[in-house]
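Two versions of one and the same chain are coming, encoded as structure tokens; call them structure 1 and structure 2.
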Structure 1
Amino acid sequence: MNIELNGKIYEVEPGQTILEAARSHGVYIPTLCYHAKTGGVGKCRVCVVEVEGMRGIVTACTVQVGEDMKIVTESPSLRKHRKMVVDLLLSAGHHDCLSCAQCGNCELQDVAYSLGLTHPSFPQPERKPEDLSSEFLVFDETKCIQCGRCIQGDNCTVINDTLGFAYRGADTKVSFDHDLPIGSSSCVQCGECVQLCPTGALTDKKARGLGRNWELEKVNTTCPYCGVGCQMTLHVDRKQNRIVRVTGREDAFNEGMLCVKGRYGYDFPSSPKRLTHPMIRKNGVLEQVSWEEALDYTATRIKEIVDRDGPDVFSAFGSGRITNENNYAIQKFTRAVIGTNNVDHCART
């Protein structure tokens, strides 16, 4: 069907919301509570638009397009409304962008910038301490805008039912179980809530202070931990040659979702204990050697031992930190070349 967006005709799919239709054609409508995975709830009231024939203004994330619908996404009255809503959100917490871990990767910051808001106009509440009880997550309630995306992701994507809204009115807050610290709750620490949070309310604990968003190189790759093949992005500090953070790729089949291993088990590549060269023990001391010498030595010793004592004296161990193809090669070599089934795998980090 055809719709009119800001005076221009666009072809859109029936069943799409105004927001989805606008985004499919590159027309910007600011929003904070909407996410493609969690859907539109019309909660933040930032994505409002004007539709001919409809009374007042409507939320673009909840209203579906109709044939020949005429929509205005930018006008002085819409800008005034959005500015007031975002101003109130900024005033309801402490969004100190200069020290926030999400600076440069914050949807609230982006919307405020697009509206020309530099500081809140109203008195801010008393600052509350961060929840640091979790192994991998940090929750800063003063940066929460109560969009509900983390709750939707936890309840409908992960289906862990840990997160919810507690209390009422001005006391409403995101709660872990019955208002417990994260570390004492039933949170499985998969980081789905961090992935969905549009502000700096939920952040990765391990990445704090290790690099700003624009300083880190983004490298797309496949998670090596199991056969699902989740797509992920490594945030790499090239100066230190280490992975600082991992996020799921939302344009892939896993839609940004990762398990706790995939999202937080990334320390081993830059571990100081990791061997970087092949080594052979000579006269009781490990000495660095070439790959050719190491492989020849290993093959000779394996052949001597197997020929002397039989194949069942040989054992091979795979790893949860190498690719599935490497693990396949290990078990194939053990069974087909050596002739034993003594092969195992740690299956975890």
Structure 2
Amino acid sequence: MNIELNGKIYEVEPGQTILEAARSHGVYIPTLCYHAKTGGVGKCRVCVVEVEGMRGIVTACTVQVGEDMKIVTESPSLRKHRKMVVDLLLSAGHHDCLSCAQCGNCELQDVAYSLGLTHPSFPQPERKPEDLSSEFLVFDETKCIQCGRCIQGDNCTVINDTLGFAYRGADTKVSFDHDLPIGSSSCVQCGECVQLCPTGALTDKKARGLGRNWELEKVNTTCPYCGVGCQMTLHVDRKQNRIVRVTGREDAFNEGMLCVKGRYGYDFPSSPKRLTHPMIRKNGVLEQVSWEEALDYTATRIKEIVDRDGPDVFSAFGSGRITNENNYAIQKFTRAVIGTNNVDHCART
């Protein structure tokens, strides 16, 4: 199917929306409430385009492409309308980016930048306190643009059924159950809403102030907890040798979804209680020793006992927590070096 975008012909698949078709060809259309997972719902009206033959201007995220459709995505009047819509949003809250966790990764900031908006031109409402009542989430109502992505996520992707819109018109707000603080609500803090939030309304509490988005190195890995093996991206501060934040990988089989342990249980490696040195029990007390001493001591004791009583008195436990490579190393050591098959692991708990 062919369509015309700003005068140029493009090949697109039927069933795509104008937005998807434009983006697949690198044509920029600003969006705020659209997200690949939660779809185009036509709430923010920033993605309006002109389509020949259609009455008025339409939202690119909800209208599907049609054969030989002529679409204009940039025009002075479109820009004026988009600018007014974003200006209304900026004036409806307190989008001050100075120390916002989402700075540099905020879609409202990007769209305002692309439209050249510098400040809200309408009087702003009075500030409201942030909801800090939960362990891992922070909800700042004054940065919420009511795009509904968090609610759509909570009710259709992770289906924890905690979020919903409450009240009406200008008082519409995102509400946890019957407008409870997050901490006492039924929220299991899986963080899907934080990942879907385009602005700084919903952010990770533990990551606040520990690193700007662009300062942190992104490295993909697998979750250390249950057997689902969710794919995640670690936001790492190399200088501080610390994981600052975790997000789910949208392109992997878990589609960006995680649970509370996966998303927020990342800081145990940096705990001061870690075992850091080899130790040997000397007259009943475990003492720190060097690697040399520990390895020599262990090797000689193993050799002494195995030579005396044979290999079968040796047994080794691998683990469901360590990597495949380490498990393989343990079984190879037990079989090739010691010469027994007494190797097992805690598959039973």
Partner chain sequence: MTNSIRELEDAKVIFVIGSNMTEAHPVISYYVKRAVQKGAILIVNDPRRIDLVNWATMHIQHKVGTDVAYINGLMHEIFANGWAKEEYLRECTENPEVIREVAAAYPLERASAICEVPIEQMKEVARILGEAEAVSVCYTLGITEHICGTDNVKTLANLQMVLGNIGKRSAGLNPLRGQNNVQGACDMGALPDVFHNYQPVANPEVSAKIAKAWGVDKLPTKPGYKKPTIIDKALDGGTKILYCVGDNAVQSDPHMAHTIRAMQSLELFIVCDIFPNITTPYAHVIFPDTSWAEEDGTFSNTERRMQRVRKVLTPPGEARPHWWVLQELGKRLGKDLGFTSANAIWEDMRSSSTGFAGITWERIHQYGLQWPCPTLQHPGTPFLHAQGRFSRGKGLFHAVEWIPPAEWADEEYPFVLSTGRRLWHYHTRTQTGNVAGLEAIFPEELLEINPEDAEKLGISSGDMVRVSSRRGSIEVKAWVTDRSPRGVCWCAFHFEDACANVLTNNAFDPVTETAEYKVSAVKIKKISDGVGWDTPIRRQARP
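Predicted model, so just to flag it, every value in this text is computed and none were measured. Note that the rigid core is defined as the largest set of C-alphas that superpose within 1.5 Å between two forms. Quick note, the numbers are simply positions in structure 1, starting from 1.
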Between structure 1 and structure 2, the form predicted alone: 1
Core fit, then residue 337 C-alpha moves 2 Å or more between structures 1 and 2: yes
Rigid core superposed: residue 277 CA moves 2 Å or more between structures 1 and 2: yes
Angle of rigid-body motion between structures 1 and 2, smaller part versus larger, in degrees: 31
After superposing on the core, C-alpha shift for residue 304 between structures 1 and 2 in angstrom: 8.0
